[in-house]
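The chain below stands alone, shown as structure tokens; this is the form predicted on its own.
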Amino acid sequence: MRRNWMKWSLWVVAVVVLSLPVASWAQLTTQDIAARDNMEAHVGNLTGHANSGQAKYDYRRYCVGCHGDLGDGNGEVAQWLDPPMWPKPRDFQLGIFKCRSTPTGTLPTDQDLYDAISRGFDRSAMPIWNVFTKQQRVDLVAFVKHFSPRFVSEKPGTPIQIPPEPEVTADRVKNGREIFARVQCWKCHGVTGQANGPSASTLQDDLGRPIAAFNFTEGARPKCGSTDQDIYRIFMTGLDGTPMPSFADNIKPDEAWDLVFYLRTLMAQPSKEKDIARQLGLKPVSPNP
């Protein structure tokens, strides 16, 4: 009886361990991370150093509360951040980043990480870090990189090419609406962009945590930048670690610009695209064509 109980217990333990997220196996030690103290970052004519005293000081003062001593997103503050309203801090050890100029699945460039630190993220606990000088930000980029072995074994992806932005026209706005329907953006973002599509309540990130679709109507900045080029980039690279895929294989560059223009009609901010949609009497897409 005791032997059977022990076998059953071991089986349960094995099932529990095997059901843990794959990311848990990637947990790194202080010694492993310290081996990458010589990590550098290059942005413009500036070189950042992970082992600079300033980088370590800035990370300890401003970043460790959320991202933790090991950069694993388990700082003391993390327990109080409840997704989807308050996304959990990024686990730098995984080397997976939402905002990139590079193709899905590839590492971001140093410039991408620099921009993320400078820009911050609306609808999260990550603020705009404009208290840092440019050199401090580049040093922090190197420090962020040193947490993940991916930055040793892999190179960043090649940034995607964004073609020149065409003129906004009524035909482009209408075509953007058709693309919004065809690639089923409405399933998450809703037919009016209010993040209330039929799949919105089921969304999870790659670690199984609830995540919210972007609400175009509430006036918040898109996480990875608010220019037309930024929005184009978001759905052509995807947001790694989230349900938002890359559409680079599904839509052509011209179609991507049309989608940008249609998304502008859903946003709270005044725009030429909204004026055109109003003149056209453009209706929301129908989920049951």
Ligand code: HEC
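This one's a predicted model, so the numbers in the text were calculated from it and none came from an experiment. Sequential numbering from 1, following the sequence displayed.
Below, we refer to the form predicted in complex with heme C (HEC), which is not included among the displayed structures.
Judged against heme C (HEC) in the predicted complex with a 4.5 angstroms heavy atom cut-off, the residues G105, K155 and P159 are out of contact without exception.
Here is the short version: of L94, V191, M126, V168, the single residue with a heavy atom within 4.5 Å of heme C (HEC) in the predicted complex is M126. The shortest heavy atom separation between P87 and heme C (HEC) in the predicted complex is within 4.5 Å. Looking at P245, you'd find a heavy atom of it within 4.5 angstroms of heme C (HEC) in the predicted complex. Using a 4.5 angstroms threshold between heavy atoms, A213 counts as touching heme C (HEC) in the predicted complex. Of the heavy atoms in A41, none are within 4.5 Å of heme C (HEC) in the predicted complex. Along 98-128, a non-hydrogen atom within 4.5 Å of heme C (HEC) in the predicted complex is carried by K98, C99, L113, A116, I117, F121, R123, S124, A125, M126, P127, in order along the sequence.
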